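Only one chain is included here, represented as structure tokens and corresponding to the form predicted on its own.
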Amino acid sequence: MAAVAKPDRIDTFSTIHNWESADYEPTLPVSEKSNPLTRHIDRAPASSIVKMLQACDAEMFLEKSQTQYQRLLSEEMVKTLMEVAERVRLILKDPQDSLVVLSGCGTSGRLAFFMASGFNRELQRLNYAPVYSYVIAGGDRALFSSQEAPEDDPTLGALRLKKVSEGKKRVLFVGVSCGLSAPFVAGQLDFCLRHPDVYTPVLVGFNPAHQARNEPIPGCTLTFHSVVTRMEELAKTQKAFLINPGLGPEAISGSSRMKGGSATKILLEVVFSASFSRTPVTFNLILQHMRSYEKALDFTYSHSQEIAALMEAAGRSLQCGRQVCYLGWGSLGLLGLIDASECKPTFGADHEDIRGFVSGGYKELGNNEGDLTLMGPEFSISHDDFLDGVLPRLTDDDTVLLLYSDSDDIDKVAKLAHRVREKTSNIHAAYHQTAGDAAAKQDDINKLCSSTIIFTWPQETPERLQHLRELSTKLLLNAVSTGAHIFKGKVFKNYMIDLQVTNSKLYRRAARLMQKLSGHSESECEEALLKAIYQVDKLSEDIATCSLETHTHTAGKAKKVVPLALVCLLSGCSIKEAESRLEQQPIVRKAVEACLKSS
């Protein structure tokens, strides 16, 4: 892939504080720090937001510095990937009693499903038996709807792993926890460590080992940190593996769906693709593959003006109370489903704000639990569901984005585009083609769309080309949905101000965020948070002594928990008064700033 010129950095980048400095937010792990590059992203125009996101994503590929952090492309990291690829290759040679299990929570679990499904399809194409399986905290409903309470249950994680791998004699377990913090994954890794005759554990995350979460997990004696310490010892003899490069803080603080998700996809695809290779797994093979993703990132952002325009269109839809719909085909459609599902927990969005639909619905998905449509409207994911339930209500205030490539049925894309165009002119497309293979029907689709981003890729092996297109689509969708929610006022500075407080990790994140924005003590912030969760102006003894699990379960039923708590804390007003303020000024940033000024 040809090198792509990188745009100039915006002026403030040269004056920022390096996140790697020892005195930069020293109490926070890397994955929870705020990124100096995006300090004012909530006030930036779309073009600057895209530049900031590009700069943050580019941090994934920075060369190793003189600090404590390993890098994605460091020698040690590449060697670890080589070793894990060799383990996968052994399983592919003897698949009958063997299994590779990918597991995670939230975004990590969705990507575990995405990659396990994709690589099983690739194995079947090559006439191999499928050897990949996935586990996601909360089961398949967590693919589309936030199910964060199970993330706090290490016993459940171990039981799910035991069930999926029953009867297998050799299991390579890959647990993904971007912040080295999810109890669900800690329980699975601990289970592996207690059964070394069958399981080889691999941990993927993006904090150094010493920053692994060290809080006791309710109901058990282990911590994530204690599990990592045991794995570090076993890694010396290659009985366990840690893949934990430093990526730098997320563009929106703690939003691991972005860099964390992208790096997870890159790392595991490099490992699994190398294991398929008929040539030996070499250092240069791994490094070359990693570099191709870096070029794909630059190539994607070479369309920054078009991405910014699409971001603005999506932002206008959310600002006027309308919706954004992704209509996709194949794996690009699945990425649309994943991006849409992440907006609710990340930004406190309604499930209808951004929705994804994929051609073929659950047949295309191929998930463990099959068709989930009867569980509710947010589980309706097919194009037919869109045509029946959404299309009749579309107006020019809604935004529709088509996601497809030259390997999809362009006639079907054109047919659906015609139907959408009858209801709204606000239709856009992101189309991936290979150089020299432009589809004749594409001109018809271009005429129907307000804008089309055409990604023209150089010739590449089909598998690798598809992976690069997927990363490109993920980066595009992350940018569009993040920018749209920024314009709706869901981000304060570079913090998720309206996140859902539905597990222990998010509860602690919310309390830290309130401390940072208010300057109040930890105990004052937690008290305000509990008042907002329980909708009371005074905490009773019963509430104060409830478990964290009870708090997060109750918070799952509430809306605008953090904004309410912050407004109350800053202004000293009651819950009802805070609700009234937020109704008058629904853009959280402005409501909070008004309180900051008055205080």
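If you're wondering where the values come from, they're calculated on a predicted model, not measured in any experiment. Throughout, we count residues from 1 along the sequence that is shown.
Separately, the form predicted in complex with a small molecule exists; it is not shown, and the next lines address it.
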Can you work out whether Val171 and the small molecule are in contact in the predicted bound form, taking contact to mean some heavy atom pair no more than 4.5 Å apart? no
Within a 4.5 Å heavy atom cut-off, is Ser181 in contact with the small molecule in the predicted bound form? yes
Does Ser177 reach the small molecule in the predicted bound form, with heavy atoms at most 4.5 Å apart? yes
Does the small molecule come within 4.5 Å of any heavy atom of Leu506 in the predicted bound form? yes
The unique member of Thr107, Ser165, Asn367, Gln323 whose heavy atoms fall within 4.5 Å of the small molecule in the predicted bound form: Thr107
Listed residue (Ser405, Ser472, Ser256, Thr399) with a non-hydrogen atom within 4.5 angstroms of the small molecule in the predicted bound form: Ser256
Any idea which of 181-189, 387-395, 236-244, 289-297 reaches within 4.5 Å of the small molecule in the predicted bound form, heavy atoms considered? 181-189
